[in-house]
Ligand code: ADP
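Have a look below at one chain only, the form predicted on its own, in structure tokens format.
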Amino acid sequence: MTAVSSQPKIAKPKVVDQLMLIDGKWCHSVSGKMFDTVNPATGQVICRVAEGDKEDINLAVAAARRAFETGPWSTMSAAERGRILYRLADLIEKNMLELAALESLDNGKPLADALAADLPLVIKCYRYYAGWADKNHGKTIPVEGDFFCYTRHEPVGVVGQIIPWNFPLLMQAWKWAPALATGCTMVLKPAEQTPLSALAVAKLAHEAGIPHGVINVVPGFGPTAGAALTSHMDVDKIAFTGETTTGQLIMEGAARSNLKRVTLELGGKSPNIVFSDADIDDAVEGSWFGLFFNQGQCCCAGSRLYVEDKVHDQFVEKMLAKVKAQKMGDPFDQGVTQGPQVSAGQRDRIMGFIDSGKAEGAHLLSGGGRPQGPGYFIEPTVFTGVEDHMRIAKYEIFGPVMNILKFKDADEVIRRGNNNFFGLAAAVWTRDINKALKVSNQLRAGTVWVNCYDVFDAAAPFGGFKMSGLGRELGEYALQNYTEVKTVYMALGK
């Protein structure tokens, strides 16, 4: 991911009240309830959105089941599914400015980041899996005896998908693209904080030619719509990206219902390790981006920044200069690099962590406050003197709070880096190839970046060790999430 400091001038979109999508129809919820979605830069209501509940999830799952059992999506040629996915990618690209503006309005991320980072990755993801649609094939197996044996990769069926609020468009693409390529049908519950872009892409999906019932979008809340989707007896697989405690509830709901397949991409507390032989300027730039990008609201943020003691003071001086140059403000303003947190609740949660860091003895060097005025903003914050036992060093903050810890050598930092219940990502900054290989091989993380941070590609898998999740998204590996392998034996010569 990369961010830019300039952007075309785009007006904030005006949004009317939004309905949900079930079986190709835009409809109110069964209860008629609606909820507000809020602009986090101002705290003002953008529009009202239909609020789904158990009854709406039941209708959406039934529509997805009919679409799966009767076709035409699961029964059409794989090549045709690929062509439709390419058309969807083209439509997203055509509407890129409007989608980026909608994302920034609803989420609060700088418009420049939505345009330069999020949307290009969204488009590439759909195109990548469009290419996979007719290549997800099985094998012929030379078994003993007079038999012809082969495997088929068949769609898992009806898939429930729950996505977070930090990268709504991107997480929708990570879920939809492989599921659509393999022939599944879906019910998506977007995060209640950011439902607008998911609904906009659903309209484009129908324009691209995806048949009615294949995709269904039910906005709502976790304890109601999310729980109903997780525990539904006619959902074959659930895919979730979000917070670890919620992931545990989803696994429990899946187990207590029909043992549906589960994949989880959960939280992180990723160690970002800077050795004294690194290019310090590059490490500062990469570490700043690895923590403050998207207001720190990244599951893989480098939120445990270990700096070797020999260069600690030099690194901190350079980092402080970088952080103090941050421009915070309205996501639609030119040059803004930090927008608001997504909600008042998220802002208050982060402030609680900042208070605990000060109380536990960490040194607050920059930020730590809430600026005057509307919106859910937090000053970019830097702590030094952080120790592993502190709350800010142990738990996921999900905000613009940088914690800098000292270390002495590779063995020590590997041990400390692994001493956490998360294992999503990590980074190593060094010019020594042997050291880079040793540390990256021994860190217990699903992704390790060497002399870079937040590099993503649709072809490379992403997921976590330990309590950071189950399964992998992106790449060929993600196809396994949405397929069942069937073995066929055929007797010969009988």
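Numbers for residues come from their place in the sequence shown, where the first is 1. Since we're looking at a predicted model, the values are computed, not measured.
There is another form of this protein, the form predicted in complex with adenosine-5'-diphosphate, and it is not shown here; the text below is about that form.
Novice: From the candidate stretches 246-254, 314-322, 291-299, 81-89, select the single one in contact with adenosine-5'-diphosphate in the predicted complex, where contact means a heavy atom within 4.5 Å.
Specialist: Selected range: 246-254.
Novice: Pick from Gln346, Thr263, Gln172, Ser303: which has a non-hydrogen atom within 4.5 Å of adenosine-5'-diphosphate in the predicted complex?
Specialist: Contact residue from the list: Gln346.
Novice: Of Gly222, Pro211, Pro120, Gly131, which one comes within 4.5 Å of adenosine-5'-diphosphate in the predicted complex, counting heavy atoms only?
Specialist: Contact check passes for Gly222.
Novice: Using heavy atoms and a 4.5 Å limit, would one call Thr230 a contact residue for adenosine-5'-diphosphate in the predicted complex?
Specialist: Yes, Thr230 is a contact residue.
Novice: Does adenosine-5'-diphosphate come within 4.5 Å of any heavy atom of Pro110 in the predicted complex?
Specialist: Contact with adenosine-5'-diphosphate, no.
Novice: Is there a heavy atom of Thr241 no more than 4.5 Å from a heavy atom of adenosine-5'-diphosphate in the predicted complex?
Specialist: Yes, Thr241 is a contact residue.
Novice: Can you check whether Val274 is within 4.5 Å of adenosine-5'-diphosphate in the predicted complex, heavy atom basis?
Specialist: Although adenosine-5'-diphosphate is absent here, Val274 would stay clear of it in the predicted complex, with no heavy atoms inside 4.5 Å.
Novice: Could you pull out the residues of 146-169 that have any heavy atom within 4.5 Å of adenosine-5'-diphosphate in the predicted complex?
Specialist: Residues within 4.5 Å: Ile162, Ile163, Pro164, Trp165.
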